[in-house]
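Take a look at this single chain in structure tokens; it is the form predicted alone.
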């Protein structure tokens, strides 16, 4: 099978990498994080003008007909610069939810606005008690006539601090742990009864907790089918994991390249430490971790569209575990080979370390995905 990129994909890759290299250095990123918004809206609009926000959506939905591979190309390049703009939250999670389960009206009004860079989305599913169990939903949506009243709280919402609209999982029937009875609703973030509490995560990005008290939405706010939202949410989260794996590879590769350059310059006993065989072996191990992870990410992306749900979920969990282990290895090696400066705020190495540390627990820890893979293999 030929895994080489098409000419169009190469253009995408070169364009995003050039942007990160020339316009999104470490100093620029730190200035963006320090602003009130925590991301650059002008840059987000530029992403839209360059077509990056619509690349992965079908032409019928107003996009450019790409897919998971195209998304991963962008996410890997973003990872190399630790880009904080809400591509994952708005395009990969929220956008995919609408592309897969949205009504024609939702797609036309909201997804089109997302692609144009005018609307930011978030998917709110995690709750304080749920850990990584998507079916553990205590938030309720009680029906009254043609409307629903939402009550509950979602935590650690990617992009929730900036979202204009939030796709919320709520229970419309069944017990708290049941997969059946979950419905996804498209909620205006500024609607009456919605309370957003934003905060900064360990890597400098913004997260949010979103509380809802008697938030009223109509039946036209349902994304997907009533009581059947679990399968859609599961697929959307798997897409998010795939994209985060690609982002992690960009971060791992950046650490490898920066560490390689450092050991060529850092001298000990009058010679560059990169000339020591032990150091060379450790750099080779980092390189192999990056390249093998990239192969795993490609396999994962190709399986996302599989009609076999078990096959898709096994591929996603395998990639999350494998790339998670490799990312931890690369992050630790980079810090150790840089010595004390590897953990200073002034050097980007420690910031990459934090990003990769958070990646290991995002959308399910290594132990969670090992168990999921084992359960699916029985």
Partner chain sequence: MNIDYTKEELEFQQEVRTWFKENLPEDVKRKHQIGAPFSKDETVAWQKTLSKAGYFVVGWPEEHGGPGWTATQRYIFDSERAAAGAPVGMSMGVIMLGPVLMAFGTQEQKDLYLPRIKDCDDWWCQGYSEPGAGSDLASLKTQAVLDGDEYVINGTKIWTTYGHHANLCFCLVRTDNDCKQQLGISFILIDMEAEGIDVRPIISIDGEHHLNQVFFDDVRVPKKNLVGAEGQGWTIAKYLLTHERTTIAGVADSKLNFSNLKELAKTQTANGAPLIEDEQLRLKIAEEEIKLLALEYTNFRTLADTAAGRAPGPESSLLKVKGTETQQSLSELRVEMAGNYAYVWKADETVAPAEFLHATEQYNFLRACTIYGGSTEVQKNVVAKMLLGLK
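On a predicted model such as this, the values are computed, not experimentally measured, just so you know. Residue numbers count along the first chain shown, from 1.
As for the form predicted together with its partner chain, it is not shown, yet the points below apply to it.
Looking at 83-91, 226-234, 152-160, 101-109, the stretch with residues near its partner chain in the predicted bound form, meaning non-hydrogen atoms within 4.5 angstroms, turns out to be 152-160. In the predicted bound form, its partner chain lies within 4.5 Å of some heavy atom of residue 209. Within 4.5 Å of some heavy atom of its partner chain in the predicted bound form lies at least one heavy atom of residue 344. Although the partner is absent from this view, residue 328 contacts its partner chain in the predicted bound form, with a non-hydrogen atom inside 4.5 angstroms. Residue contact with its partner chain in the predicted bound form: residue 190 places no heavy atom within 4.5 Å of it. Of the residues 144, 173, 128, 214, just one reaches its partner chain in the predicted bound form with a heavy atom at 4.5 Å or closer; this is 128.
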